[in-house]
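Here's a solo chain for you in structure tokens, the form predicted on its own.
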Amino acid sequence: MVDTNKLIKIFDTTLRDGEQTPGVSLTPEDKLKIAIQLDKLGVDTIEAGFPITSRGEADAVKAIAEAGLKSEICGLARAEPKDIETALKCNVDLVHVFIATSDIHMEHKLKMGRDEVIKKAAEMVKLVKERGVPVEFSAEDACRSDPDFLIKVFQEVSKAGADRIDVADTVGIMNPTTMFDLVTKVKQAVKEPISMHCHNDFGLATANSLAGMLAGAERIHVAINGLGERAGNAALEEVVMSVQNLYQKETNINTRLIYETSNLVSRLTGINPQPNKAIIGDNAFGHESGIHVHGIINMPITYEPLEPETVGRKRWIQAGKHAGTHGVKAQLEELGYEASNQQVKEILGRVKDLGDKGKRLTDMDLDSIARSILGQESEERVLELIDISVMTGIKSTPTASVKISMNGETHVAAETGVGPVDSAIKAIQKISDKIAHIRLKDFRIEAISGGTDALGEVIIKVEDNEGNIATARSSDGDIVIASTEAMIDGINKILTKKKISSPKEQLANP
């Protein structure tokens, strides 16, 4: 049973403010996919979009509102009748009405005086309420507004029937101390629940959101992966895990679905979080230092503030110049090798030599070093490429057909894609999905030689639905073949890590 006195509600704006990230534009179908995942994740409110901006946006918001989700579905609207009517036609559960309250915005954008802003805000809140729909009111640029005027605006919309009040740090200029003080004043002036909407221009969006929570705010606006205008919004993953782990408060979020949700949003927006991003970055649970790895192997809590499994992740160890024997030995075991202490030291020596030369080692590099020293093949190759053919052209859809041996049985699959490489990868996955769901996480092509007949090297990173990660590379004059071989190599590495003991049985019972 959730303690409502400790419960912090999560208002997700990935589909509205998050989509305003430069370079991001989602189709209605993509927005619905994300909304379904957010509902599964457990967010309390999904801000589905800004309906007045386009016909497609309105259609997307309406589709989400009518999808039968458990989350409250919200549409954004300026304090304008046409915005509000458009949002209401989308059958949303909540209308998020906003108007700017800072002198900067009122003078240079709205061309309105203070009395006009107060009147407009109250009238538009009343308009929504007369239609029987709840309202969350936001004072845009609240944190650069005159505090006394801001309080007056909040009090007037409260009288008009606003159900929630939102304090918006629109340009991210607050710090935790000033935010705590402001929310404390607002809390004393109005009876309605308070929301926080913080931007990350100085990297303080999460900290400011939490400061507002400590001052009495009950709801926090967030976006998956910290997406949003300019430097983004407060990141859902940071806010939720901080609320629960650092302040012992509760949310309705199923934290084990955080990484899964992050990956979906990354894939559909084309925006990948930086590697050192808290909670969901590639390096968030990665370890290289020998001292750290030794501690992690003996007791994970020595160098991890939370278990990676709580957010749907797995820890991993990186070979490099800072590595130690314990880490290298653990990696070798994961790759399927048995090595003596002396062999581990020899392998570690080569790893450090390469690290000193500035090379970033991957598990495929460690695998190569291990094979040369131990004279072993680390993995049983479950998949082998037999043949591949591709068709592409200006007026034809790129198509690839692959023939693959899997556990000694021949499988054929064909797929279309945005290009021959994409088509080939999809065709391989169509076959490999019968035993394991493994997806391409990163893809890089490098030319080894010059000229039109250049030898190309493909380096990929793959990940399965349990968080196992592997890298692989292949070189060939034909980039499609190189990509195909690298993908098959990566899948075999994942299957080795998973230690599938009876793939034939799994193939028979996928």
Ligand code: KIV
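In case it trips you up, residue 1 is the first one in the sequence shown, and so on. None of these values were measured; they are calculated from a predicted model.
Another form, the form predicted in complex with the ligand, is not on view; read the next lines as being about it.
- Heavy atoms within 4.5 Å of the ligand in the model of the complex are found in exactly one of 193 to 201, 341 to 349, 242 to 250, 206 to 214, that being 193 to 201.
- For the candidate set Asn263, Ser71, Ser423, Thr170, a heavy atom within 4.5 Å of the ligand in the model of the complex is found for exactly one residue, namely Thr170.
- Only one of Phe98, Phe285, Phe154, Tyr259 lies close to the ligand in the model of the complex, with a heavy atom inside 4.5 Å, and it is Phe98.
- At a distance threshold of 4.5 angstroms between non-hydrogen atoms, Asp83 is out of contact with the ligand in the model of the complex.
- The ligand in the model of the complex is not approached by Glu237, whose heavy atoms all lie more than 4.5 angstroms from it.
- Although the partner is absent here, Asp17 sits close enough that one of its heavy atoms falls within 4.5 Å of the ligand in the model of the complex.
- Shown alone here, Ser138 lies within 4.5 Å of the ligand in the model of the complex, counting heavy atoms only.
- In the model of the complex, just one residue of 51 to 78 lies within 4.5 Å of the ligand by at least one heavy atom: Leu76.
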